[in-house]
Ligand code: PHE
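Below sits a lone chain in structure tokens, taken as the form predicted alone.
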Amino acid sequence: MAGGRGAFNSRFVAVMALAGSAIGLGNIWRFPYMVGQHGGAAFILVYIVCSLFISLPVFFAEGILGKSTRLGTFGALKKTAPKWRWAGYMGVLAAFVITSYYSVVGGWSLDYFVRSLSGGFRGLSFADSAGVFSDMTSSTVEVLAGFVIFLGLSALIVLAGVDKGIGAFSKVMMPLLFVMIVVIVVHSLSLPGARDGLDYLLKPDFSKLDGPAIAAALGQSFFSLSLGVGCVLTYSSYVKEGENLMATGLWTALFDTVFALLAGFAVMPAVFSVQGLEPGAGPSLVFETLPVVFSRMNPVVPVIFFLAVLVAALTSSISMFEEVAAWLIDEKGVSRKKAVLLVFLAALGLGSVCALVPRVFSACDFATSNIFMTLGALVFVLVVGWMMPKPAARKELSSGGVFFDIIWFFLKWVCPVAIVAIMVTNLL
């Protein structure tokens, strides 16, 4: 057990929990439309390269800090690099803010799942679909109800503990999530005109691969693994002593990348099957464009899709919720029950404001995505790459040889530059 804090009881559970933290709305919602906006297959190739050589070393940096200290984000930095503990506070704050506004989007996914159960997408036109989303987000009762229920579900899972709550939920729901997205892929590929979408995903057009596209691929790879906030660090503090963190990290990155690709194959062929739809429709793709596509399909398809969206949102939400709860448990000595209640009430307050005031929602999203996450990741790689002895890092990863040396080189020399590039690009 990790210092009495709880632990994942197997590598499979640890990988499923870490994959659940990584696989969220960004994979189903953000990845497909970014592929659409930046030229299809060429973007995907750059995304995979960035995931392997930039995002994975950052993942290992967080994992090393969590596994070596058996503490959450603040405690790990306070113990390893006391002068950098301010970044621990920043990570906890970022996780709290994300828990709050992300639960609003989670509430939208819950609302759409319920609509799909009742056949609410049948016969939708583009105007109808945009109107449904606008009416939902402008209805105070509807948007708050979805938000509160989603936040409450996250709280209940975290309340059950690391193994019986987060671990148990992840080991059941993550395999189910993959099954659901594969079902959507199979159905999408069977649609008339889906071949054009398949070609779009498999035939790279490097003429469209400009600087902004490369920066977007790097940023998507980085954010897809939920790096920089401390969720990976916190979950890694729950892995068993002697666990091969290198293997755990590789499996997590593999699952995350495969799921993102499957999401692309689920969405793009379906979009291309309907005349007049744009593959780069932007953030409205899931909540406005896809319901129009689904209105022409078997009514079971939207049910499966929006259930997948809901599950993906929950697996990511609980990782953010747990990080804040872990800080209260580790640093303030409160019980898990009290910690969960405090986080729930605080997130209820901020999230309600985010749900009702779009400017606050946008400000929270901008601050966490463009400042907190990138700055936190920069601190993690600098602390591990420049302050931790290389043998100690090798021991925590439980791996040596050439592959470790490559990871170490990128972590120490390449990742800081790449993270700064992401920060500058996002703020320009």
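Start at 1 with the first residue shown and count on from there. Nothing here was measured: the structure is a model prediction, and the numbers come from that model.
The next section is about a form of this same protein that is not shown, the form predicted together with phenylalanine.
A.B. asks: If you check 289, 116, 316, 188 against phenylalanine in the predicted bound form, which one has a heavy atom within 4.5 Å?
C.D. replies: For this set of options, the contacting one is 316.
A.B. asks: Quick one: of 112, 150, 223, 265, which gets a non-hydrogen atom within 4.5 angstroms of phenylalanine in the predicted bound form?
C.D. replies: Spelling it out, the residue with a heavy atom inside the cut-off is 223.
A.B. asks: At the 4.5 Å heavy atom threshold, is residue 229 in contact with phenylalanine in the predicted bound form?
C.D. replies: Yes.
A.B. asks: Taking 4.5 angstroms as the cut-off for heavy atoms, does residue 74 touch phenylalanine in the predicted bound form?
C.D. replies: Although phenylalanine is absent here, residue 74 would stay clear of it in the predicted bound form, with no heavy atoms inside 4.5 Å.
A.B. asks: Hey, in the predicted bound form, does residue 415 get a heavy atom within 4.5 angstroms of phenylalanine?
C.D. replies: The answer is no: residue 415 has no heavy atom within 4.5 Å of phenylalanine.
A.B. asks: Does residue 27 reach phenylalanine in the predicted bound form, with heavy atoms at most 4.5 Å apart?
C.D. replies: Within the cut-off, so yes.
A.B. asks: Exactly one stretch in 332-340, 96-104, 162-170, 302-310 has heavy atoms within 4.5 Å of phenylalanine in the predicted bound form; which is it?
C.D. replies: Looking at the other structure, the answer is 96-104.
A.B. asks: Suppose contact means any heavy atom within 4.5 Å; which members of 401-427 contact phenylalanine in the predicted bound form?
C.D. replies: If the 4.5 Å heavy-atom criterion is applied to phenylalanine in the predicted bound form, 401-427 yields nothing.
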